[in-house]
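What follows is one chain in structure tokens, specifically the form predicted on its own.
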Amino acid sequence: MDVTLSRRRFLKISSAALGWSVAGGTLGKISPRASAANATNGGIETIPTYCDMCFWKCGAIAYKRNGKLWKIEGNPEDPLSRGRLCPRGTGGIGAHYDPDRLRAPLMRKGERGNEQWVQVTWDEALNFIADKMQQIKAEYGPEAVALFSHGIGGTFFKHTIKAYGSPNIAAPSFAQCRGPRDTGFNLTFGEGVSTPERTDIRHARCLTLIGSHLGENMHNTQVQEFSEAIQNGASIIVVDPRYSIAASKAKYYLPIKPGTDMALLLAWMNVIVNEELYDKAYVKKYGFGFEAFRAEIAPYTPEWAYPETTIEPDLIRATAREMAKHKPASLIHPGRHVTWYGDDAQRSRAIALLNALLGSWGRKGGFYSPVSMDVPSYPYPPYPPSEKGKVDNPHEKYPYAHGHGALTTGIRDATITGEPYPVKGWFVYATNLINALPNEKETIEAIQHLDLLVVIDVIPSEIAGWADVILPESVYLERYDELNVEWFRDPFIALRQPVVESPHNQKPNWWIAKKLAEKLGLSEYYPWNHIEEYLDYRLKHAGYSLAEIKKKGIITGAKQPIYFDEGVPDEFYTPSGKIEFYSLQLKEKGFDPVPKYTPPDPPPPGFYRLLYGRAPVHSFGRTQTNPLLADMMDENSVWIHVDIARRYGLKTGDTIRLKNQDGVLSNKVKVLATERIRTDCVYLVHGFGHKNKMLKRAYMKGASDAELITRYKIDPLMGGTGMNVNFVTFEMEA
């Protein structure tokens, strides 16, 4: 039975990196067994699920051999994975076998942060937490408890916290990652770019990447589409201070000076407008304030941009013409982790405006309009209203932060200051706040003001070392989760279901959240006994059943129009109802109606800008103890240009420490002397340098970029934390 659909407002990467390519070692055809759930053949059983090694949630087929977890591959019926997983996904079974996993509930013994623990039962842990929460509620109100959550696994914790009465739920994915991008595109088109991004990379004839490291930042579908675009002959333009994997595929590589991306974007728009290369019919039909926009960008010529960016004017013109040549199938990728310099929402707005000039929004090869299956929500009782409101953004200091949960750093600030009201309890689910938020000293200071800190995770992260209670979660291969009803080009419903049992005393997130709610007297918010009842209710009211989806792990809907010329309504949910080249709403709030350029702060003498990014075999700092993935990369290196390395007498393999502008010193880290980075910056892969002693394999391996990020600039539009504003120098090992 079909259901109603609702609409919402590498080719090979390189021979050296083939082992890190999109298929993660499974480039061949999927075994026929993979399409049949729960089949057995010679002691082999297959069970469909979806991955949790990152937020992309790719459909997968897990294999058990003689009852034990054996391997995992992509589900060929899933539109996200298309039968292939990335290296992290194929290494997912290592999460089950990780020797450093949390095994049982732990309660703090002694002072916070001393990492001394007593193992307790689940009843003891949850009773302690519930009693503390009731005390906090009685003295400060329910709003004094906040939840920090990352990923779909946090769904039921959010439900419990809302039922308890708190609206303070935040995720680093907004203020420390993609929030500026969503804000910039909303201000321009009236919609964000969604997750997964609504980028039509596979059909792009020209793809421009600005600090977006496809092939290293391993978002599976996008990397597969990137390889298709290359195979189809698309022009690739890469802007990056570092010669990335993506840069190796580029027709044009622009090694830009860090912090000057806005200058380049303005110069590109200047060329496209002055040379009449923009999509005139599109702009005329859909644009608002174009003439005022034209006047604002008039001074930003390539000659003006050259001393700022160090990109030659002829190269700026050539790349602008290349983009325009392929319009509207010319896509300037919006990126994802875009919290760089504090003007990030305006920089993302400039990217949106450049796409608008090329007519790519709503067009094939640009940005499609995503669709989703219509699956009714579960009929819970209404949540109690909050008397105090959210704590993170008093008086709407950041006017475009609303509608996105809460600001993580805003909750941290309120915890420290008690303003606008005290925050006394934190729940932290699947996010390592010590490394996710800038300036770990501020995070630790906030923790010292808490009456309760609960961490729910599968491994003992740095934030767990500061907890009062640590609750061990089952890994994704051992549990059910919320249905994945994604907004995407192809509508689908995906199921995560248990493949194997948890090896110790770990519990699934839904069980923990439900039991805690019951101990808080909130049983009416969990009228179902087991998550299978909850899932079956939702599916049956969509015309399906849990028994049906368990067989293949996925239900797909009929193809729907996704472009304007296929019948998608050409609507823009902005105040003008059009694409806002000139934003009156920004002007009325005292902001620039068209983005402007501000030069970045220069480094202190002898210092280099610290840049950071991802590796295709690791997910942030979550996977360094995974035995399969750690074998592929167990520590990071600091990229230093060969000329700078030579000046300091350094060579590849030497060991140094990095010291930032505030005197913070990193762990020991190996040098990678390379010509693939500019001389004014250095680069680290994020997620290494762990300091929790329970992470035996990853302890002190490599350097942590996070501990060196002591300074940040707040985006005035939406409160994001620009973190590429730190500088480091080198401390030699004796």
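Numbers follow the displayed sequence, beginning with 1. Because the structure is predicted, anything quoted here is derived from the model rather than measured.
Although it is not shown, the form predicted together with a small molecule is what the next lines describe.
Only one of the listed residues (Q176, S360, T199, T208) places a non-hydrogen atom within 4.5 angstroms of the small molecule in the predicted complex, and that residue is Q176. Of the listed positions (Y480, F492, Y597, Y612), a single one reaches within 4.5 angstroms of the small molecule by any non-hydrogen atom in the predicted complex, namely Y612.
The three residues A436, E473 and F620 all sit with a heavy atom within 4.5 Å of the small molecule in the predicted complex.
Using a 4.5 angstroms threshold between heavy atoms, E143 stays clear of the small molecule in the predicted complex.
Within this chain, I709 lines the site of the small molecule in the predicted complex, having a heavy atom no more than 4.5 Å away. The closest heavy atom approach of Y534 to the small molecule in the predicted complex falls outside 4.5 Å. In the predicted complex, the small molecule lies farther than 4.5 Å from every heavy atom of G192. Picking from 330-338, 645-653, 302-310, 289-297 the stretch near the small molecule in the predicted complex, with a 4.5 Å limit on heavy atoms, gives 330-338.
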